[in-house]
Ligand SMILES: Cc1cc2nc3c(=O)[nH]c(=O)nc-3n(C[C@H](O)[C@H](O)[C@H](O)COP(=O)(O)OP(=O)(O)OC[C@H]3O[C@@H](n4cnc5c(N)ncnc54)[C@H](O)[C@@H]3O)c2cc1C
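Here's a solo chain for you in structure tokens, the form predicted on its own.
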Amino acid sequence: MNVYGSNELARDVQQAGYCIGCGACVELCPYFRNHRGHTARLFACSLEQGRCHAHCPKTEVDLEELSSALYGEKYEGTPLGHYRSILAARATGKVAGPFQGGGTVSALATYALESKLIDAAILTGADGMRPVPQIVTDPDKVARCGSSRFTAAPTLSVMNQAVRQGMRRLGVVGTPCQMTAVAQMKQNPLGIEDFEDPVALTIGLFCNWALEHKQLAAYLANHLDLDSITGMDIPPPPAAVMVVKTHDTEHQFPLEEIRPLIPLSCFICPDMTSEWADVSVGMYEGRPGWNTLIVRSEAGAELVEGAVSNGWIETEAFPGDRLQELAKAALAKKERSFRNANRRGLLQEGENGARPAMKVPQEVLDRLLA
């Protein structure tokens, strides 16, 4: 991959409207800060190369390089990416909620801390409707981060903070864009001589899109007291609503009113199932209280096997018809996003050396866009 500095990052991502606010560039230096979901560069920087640009999931992401480095194989553009197995899973009673879905993520993260697979978990909690990244070292506090706010969160800012504090063997839970940033970081793109990968485990979340926090807050403020929000959910189709829970009731908002709040960045993201994580977890449509669990790497397989054998989660075979539906949805997002990115000139290197957001093997792109 080509690595540039913060000037190119600011120009290609932030000023162009493609920043998702994942936090990958925050807490690396004094220049980038995130406030309520919005990342800003406070001062210009003269460095020609920087980790801020190298780790960003919207700059020069070479899918072939990532696939080769993580899985030792070519990037084929398959709907769900590389995986070893797909299971149905849910937490057992060893971890207490509240959490959404089957609680599999909370159970896996708690088990990873309890069993010393990781020293700290990088999670996202919430303060009302505002997502709050957290460094969690106490297994009993993992479940407090078990609910979603469906807004982009600067989760990776606290990963960078933890690394700066000397912490290692981190477990990171995040969305596909955040898993892409972590995968970029793990490749040591700046060729640092004494580089040490601080991340021991990644748990990716399924994601079709996130919402821009500031815009969602402004929208909801017209209907309810933001301080009263206790939870959010988007039920599977055909519901077509966002459910916002408050202290005393539930509110439903049509998705057709919510979708205009999706940031531009989500429309060029080809990854629905966190393809660069050790394991990926999402809702199991049609079976409330269960999750879909994708095991991708050796570390992920060890995590799941340990969690099952020690009674933290239970698993079942994932039905073939459900797998086909999952793959169909993931492929649709991949094709749609590549098409959007291609139309905007964000794939491959453009004329006059224009910097791309992603590089995709041309034969893969030709097949998916045919």
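We number the residues from 1 along the sequence you see. Source: prediction; values computed, not measured.
Below, we turn to the form predicted together with the ligand, even though it does not appear here.
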State yes only if every one of Q100, R149 and G282 has a non-hydrogen atom within 4.5 Å of the ligand in the model of the complex; otherwise state no.
-> yes
Assert contact_stretch over 68 to 76, 295 to 303, 222 to 230, 209 to 217 against the ligand in the model of the complex, heavy atom within 4.5 Å, equals 209 to 217
Using a 4.5 Å heavy atom cut-off, state whether V173 contacts the ligand in the model of the complex.
-> yes
Partner contact for V182 in the model of the complex: the ligand, 4.5 angstroms, heavy atom | no
Could you confirm whether T202 comes within 4.5 Å of the ligand in the model of the complex, counting heavy atoms only?
-> no
May I ask you to check whether V105 falls inside a 4.5 Å heavy atom distance of the ligand in the model of the complex?
-> yes
The ligand isn't shown here, but in the model of the complex which of A120, C145, M242, L80 has a heavy atom within 4.5 Å of it?
-> C145
